[in-house]
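Starting off, we have a lone chain in the form predicted on its own, written out as C-alpha cells.
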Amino acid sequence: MPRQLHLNAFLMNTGHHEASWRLPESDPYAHVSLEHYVDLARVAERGTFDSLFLADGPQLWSNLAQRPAGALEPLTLLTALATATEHIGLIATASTSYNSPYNLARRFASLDIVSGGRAGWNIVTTAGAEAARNFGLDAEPAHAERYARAAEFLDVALKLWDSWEDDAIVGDKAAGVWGDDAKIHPARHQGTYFSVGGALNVPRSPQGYPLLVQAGSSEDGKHFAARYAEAVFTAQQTIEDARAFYADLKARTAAAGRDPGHLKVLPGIVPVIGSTEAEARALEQTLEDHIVYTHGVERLESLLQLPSGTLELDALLPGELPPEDAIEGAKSRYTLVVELARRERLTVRQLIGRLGGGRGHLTLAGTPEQVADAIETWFTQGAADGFNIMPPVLPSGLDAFVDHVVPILRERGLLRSEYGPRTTLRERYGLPRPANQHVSPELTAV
C-alpha cells in the first residue's frame, strides 16, 4: 500500500491564532464547552484524521485580558470525547515534571481501556518558573535534569503498564479463580527520582500502552525522542530545516536500536484557507489586525528572557541575546524564533504578527489546492510523515480543512477515505502492539 499521511488535529479553544476569540464567530467560552470539543472531534473524525491532541500545562497561561485562559484537564475531557467518537485517537499532554508515574500510568491505561485502544500521551517536561511555583519549587529545574527525570518517569510507567500480563485474568467461575497472581509483576523500582513498589491496579490496556508522543526539538529532546517517541510534534519554518530535522531524528532513532519507521515526524502547520489566495490573505490580515501588541511584546520578552521594556515594536531584535545554552525553558522554540527574526530581518511588530497564528509553526495562507500542494511537497520530499494541523480559528478553520483540503489529499491518494478495519491508535500509525517485557520473545511469537 502506498505511504499515506498521518494527520493530527491540534485543538485549542477558539483556535491557534491569539486573536481568534475576537472574531464575531468565536465563542469566548469555548475552552470550557464540552459541546464545542465534541463537535470538533466529530469533524476531525469525518476527515479521517488519525488523532486529535490537547495541549496542557499546570499553570494559568498568559493573562486574562489576552485570550481565553485556563483549560479543562485533557485526560478528563478526552474520556468524554471517547464516548462521542468511534475511531479517532485521543492524545493528551501530561508533564513528567509535575506528576507521579503511578497515577499518570493508571490514568492513561484507563483512557486506553475506555476508548478501546485510542489513547496517546504527549510527554512534556514543562518549562517555566510559574509552573514550578505551583508545586513548591522556587524555580524550574534545569533543562537536562527535567529530561533525566522524564526518562526515569517513562521507564517506571513502562514497568507499570507491563505489570499485568495480557492473560492474567482467568475468570474461572467453576474453580473460583478470577486471576493468576503469577502473571502480576510489581514494578519494584528504586531510582534517582522515583521509588515505586507495586503493580498497577488496572489490567494491561488494548494497546499495551498508549502511543508515546513527544514535542521537544532541543538536543535533550531529540535524544529522548529517539529512545522513546513514536510520534514527534515539531516546528520548522522551511522545508530545508524540516528535512534536516527529519533525517537527523530518523538517524538517531536507528542509532538507538529502533526501527526509524516506528517514529512518525509531524510538523505543525497553521492553514489559513480561502476560496482564493486573496481571500486567505484577507483572513490572515484580519486576524493580525486584532492582535494586541502589548501582549505580544510581553510574551516575546519572556521567551527571549529579556527584561521588561527591552523590545521596541518597530525595531529589530537586539543584537545581543542570551545564547541557547543559557536558556532553561523552551530551548528549541527560542532558537526557531530568533533564527526566523534574523533570517527575514523582521521587526518586533512583524515577528509578533508571524508568531500570532502558531507560535513559530509554519503558517500556510492560500487556496485548498495551495495548502494541499505544500503538504504533498513536504510529505514526498523527506520532511514529514504527516502533519499536526493547527486551525487558526475554530470551528471554521477545521471545517474548511476537512471540507476542502481533505478531498484533494484523498484524490491524490495521500489520505484514506475511510478508517477501515484497523481499530487502535497504534494500528492507525502503523505500529505494532508492544510485547510485555515480562513475557519471553518465544512465547510472544507463539
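Remember, predicted model here, so these are calculated numbers, not experimental data. Start at 1 with the first residue shown and count on from there.
Beyond what is shown, the protein has a form predicted in complex with another copy of the chain; the following relates to that form.
Colleague: Let me know the one among Leu263, Leu351, Leu311, Leu200 whose heavy atoms come within 4.5 Å of another copy of the chain in the model of the complex, would you?
Modeller: Only one option qualifies, and that one is Leu200.
Colleague: Out of Arg106, Arg227, Arg149, Arg299, which one falls within 4.5 Å of another copy of the chain in the model of the complex, going by heavy atoms?
Modeller: Looking at the other structure, the residue within range turns out to be Arg106.
Colleague: Taking Pro58, Ser100 and Ser110 as a possible spot, do all three reach another copy of the chain in the model of the complex with a heavy atom inside 4.5 Å?
Modeller: Judged in the model of the complex, Pro58, Ser100 and Ser110 all sit within 4.5 Å of another copy of the chain.
Colleague: Consider Leu23 of the chain shown here, and say whether it contacts another copy of the chain in the model of the complex, taking contact as heavy atoms within 4.5 Å.
Modeller: Judged by the heavy-atom cut-off of 4.5 Å, Leu23 is in contact with another copy of the chain in the model of the complex.
Colleague: Verify the contact flag for Ala142: yes if a non-hydrogen atom of it lies within 4.5 Å of a non-hydrogen atom of another copy of the chain in the model of the complex, no if not.
Modeller: No, no contact at 4.5 Å.
Colleague: Using the partner position in the model of the complex, report whether Arg46 sits within 4.5 Å of another copy of the chain, counting heavy atoms only.
Modeller: No, Arg46 stays farther than 4.5 Å from another copy of the chain in the model of the complex.
Colleague: Is Glu279 a contact residue for another copy of the chain in the model of the complex, using a 4.5 Å heavy atom cut-off?
Modeller: Taking the distances in the model of the complex, the answer for Glu279 is no, it never comes within 4.5 Å of another copy of the chain.
Colleague: Please pick out the stretch from 340-348, 110-118, 217-225, 271-279 that is in contact with another copy of the chain in the model of the complex, where contact means heavy atoms within 4.5 Å.
Modeller: Careful reading of the contacts points to 110-118.
Colleague: Across 175-197, which residues bring a heavy atom to within 4.5 Å of another copy of the chain in the model of the complex?
Modeller: Counting only heavy atoms within 4.5 Å of another copy of the chain in the model of the complex, the contacting residues of 175-197 are Ala175, Gly176, Val177, Trp178, Gly179, Asp180, Asp181, Ile184, Ser195, Val196, Gly197.
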